[in-house]
Each structure stands twice: as structure tokens, then as C-alpha cells.
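Given next, in C-alpha cells, is a single chain: the form predicted on its own.
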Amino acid sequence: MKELILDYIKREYLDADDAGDAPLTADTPLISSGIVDSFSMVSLKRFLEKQYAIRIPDEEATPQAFDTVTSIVGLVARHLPKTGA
């Protein structure tokens, strides 16, 4: 899941000029570093909801929840259907 989200962020929000910067990792600040802004956060939320067939409530779509790929993975995981034995 982390790799898929990282790839999406690189593809959608980083341009060729950013390629020489420090590599994007699961713990790179996205919101506070300016990689993802409020508009991008909405499109990222939509991507996650479609990709994982989930619904993320607006009140949980906070800058803190979207600031790193690690925190995004945690947010998505909380909304994935629970599989029973």
C-alpha cells in the first residue's frame, strides 16, 4: 500500500524539477513541506477511496492524517473492511 501511495504522489504532485531533491519516503512530510496542498489533499482522498473501495469521513481527512504516507496508510487501514475468520 505504501508503494502505491508513494507512486501516486510522485506521479501527481512532483514535477521533473523535484526529481533532484531528497527522495520521497513514507515519512516525508507532505502537507508541511508543500508537496500536497488542500486541493491536492482532496484529490488524494478521492484516489484512496476509489482505489481501496472505502469512504474516509471528511472530519478524518485532516492535514495531520495526510502529512505522511505512513499516516495515510493508517487512515486507509482503519477504513478497510474487516475480514473475519
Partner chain sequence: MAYPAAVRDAWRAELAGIREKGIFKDERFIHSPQAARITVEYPAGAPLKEVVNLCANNYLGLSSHPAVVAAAHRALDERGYGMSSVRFICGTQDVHRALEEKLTAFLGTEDTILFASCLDANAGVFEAILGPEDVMISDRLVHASIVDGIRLCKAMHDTYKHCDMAHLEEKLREHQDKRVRVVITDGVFSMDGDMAPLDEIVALAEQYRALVFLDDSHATGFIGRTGRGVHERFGVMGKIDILTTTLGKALGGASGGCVSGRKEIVDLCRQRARPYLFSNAVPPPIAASAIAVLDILSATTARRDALEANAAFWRAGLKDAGFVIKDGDSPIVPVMLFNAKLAQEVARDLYDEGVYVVGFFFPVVAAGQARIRTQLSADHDIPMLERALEAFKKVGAKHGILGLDKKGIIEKYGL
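Residue numbers count along the first chain shown, from 1. In this text the structure is predicted, and so the values were computed from the model without any measurement.
Here the subject shifts to the form predicted together with the partner chain, a form of this protein not shown in this document.
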Report yes if all three of S33, V42 and R46 come within 4.5 Å of the partner chain in the model of the complex by some heavy atom, otherwise no.
yes
Distance check, D37 to the partner chain in the model of the complex, heavy atom within 4.5 Å:
yes
Considering only heavy atoms, tell me if L14 and the partner chain come within 4.5 Å of each other in the model of the complex.
yes
